[in-house]
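Next up is one chain by itself, shown in structure tokens, the form predicted alone.
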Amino acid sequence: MKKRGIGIGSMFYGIGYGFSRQDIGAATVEICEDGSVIVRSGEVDYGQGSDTIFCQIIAEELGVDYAEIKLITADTLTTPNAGPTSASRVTYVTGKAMMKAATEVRETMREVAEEKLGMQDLMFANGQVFSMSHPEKNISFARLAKATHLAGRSVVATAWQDITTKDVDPETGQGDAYSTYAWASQIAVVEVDTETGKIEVLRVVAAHDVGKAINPKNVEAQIEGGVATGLGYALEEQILINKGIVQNTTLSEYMVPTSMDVPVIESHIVEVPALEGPYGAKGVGEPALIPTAPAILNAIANAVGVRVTALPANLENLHRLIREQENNNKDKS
């Protein structure tokens, strides 16, 4: 017999390191004489999309084409140390450093533009700098960059963002351990075959507070990837250890979900701006996977009345729990 159930999982997650552990991001922005933009940072994009976010932030602040920005990352010779790429902190911390550095060089260029155009209500957009009240008074970003260089003004800036927090009270455990938190709830719909113990996740609905979605498609991809990871954590992935030695050392023995295993995922982006983040943004990488397993386990309990307390809830483990429940019910009757 196949039975369906619905479960909810909710979580909050501290962004960054917290607890008085150093948490600093850094970025350097340089405007070259021809108007090209070079950005340097020690952060690493290993698939989470931070390079895309960084270029978007710089493009927004300088009013230049996103595709024209040259980004140099993780070069220990030339990039400022931005801290590890972990703890869902990169957009929140180094993204804000990017914003600060871009703002500094923009304001230097603004001063030169004000002198040349004789206007103060200037806007940087679409590769131009122009007066909002008199748009005919304008100068291209490239020409302004050259003029700024010729004026002997420095158009390179390094900015730091420090979100290091105080530790909590050692006596009470109270205090603001983190600079900000991510919040999320997910709903899972599952179908359980009570004869075999096979579980199929049919649908996951995920609502995540991301502060501000600088790139909504990127955020949705993070959520979907997190749900897929949480699915494996809940149902398949199991490390087998014998006398301290891992037995399943290959992916043929350590099962992870494939695209065929991933259910329909419905993502809902909730935007509650974080004061310290760039444009209010904060991290979503790790928060995306945390609620998935609890939601699935709650859905299993709702479907068959069996509470799984040790992961994974794979076919063998759930089949055993269902049989144990049936035997207990027989003994009681």
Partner chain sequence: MNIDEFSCVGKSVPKVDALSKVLGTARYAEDIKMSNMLYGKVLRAGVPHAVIEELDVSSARAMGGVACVLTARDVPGINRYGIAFADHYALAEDKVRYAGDPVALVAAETEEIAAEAIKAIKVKYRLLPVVSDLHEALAEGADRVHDERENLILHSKTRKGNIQEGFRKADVIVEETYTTQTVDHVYMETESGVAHIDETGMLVIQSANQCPFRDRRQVAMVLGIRENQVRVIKAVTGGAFGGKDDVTVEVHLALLAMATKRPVRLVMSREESLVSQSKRHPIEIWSRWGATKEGKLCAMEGRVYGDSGPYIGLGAFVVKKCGIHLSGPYYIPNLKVDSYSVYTNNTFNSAMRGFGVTQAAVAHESQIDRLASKLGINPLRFRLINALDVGLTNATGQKCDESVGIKPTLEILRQVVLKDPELKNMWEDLD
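A quick note: this is a predicted structure, and the numbers were derived from the prediction, not measured. Residue numbers count along the first chain shown, from 1.
Heads up, the form predicted together with the partner chain isn't pictured, but that's what we're talking about next.
Asker: Among 101 to 109, 250 to 258, 137 to 145, 151 to 159, which stretch sits within 4.5 Å of the partner chain in the model of the complex, heavy atoms only?
Answerer: This holds for exactly one stretch, 250 to 258.
Asker: Though only this chain appears here, would G305 touch the partner chain in the model of the complex if you measure heavy atom gaps against 4.5 Å?
Answerer: No.
Asker: Quick one: is T28 in contact with the partner chain in the model of the complex, heavy atoms, 4.5 Å cut-off?
Answerer: Outside the cut-off, so no.
Asker: Would Q186 sit within 4.5 Å of the partner chain in the model of the complex, counting heavy atoms only?
Answerer: Judged by the heavy-atom cut-off of 4.5 Å, Q186 is in contact with the partner chain in the model of the complex.
Asker: Would you classify T52 as touching the partner chain in the model of the complex, given a 4.5 Å non-hydrogen atom cut-off?
Answerer: Residue-level check for T52: yes, a contact with the partner chain.
Asker: Going by the partner chain in the model of the complex, which residues of 159 to 184 come within 4.5 Å of it through any heavy atom?
Answerer: Sequence-ordered list: D167, V168, P170, E171, T172, G173, Q174, G175, D176, A177, Y178, S179, T180, Y181, W183, A184.
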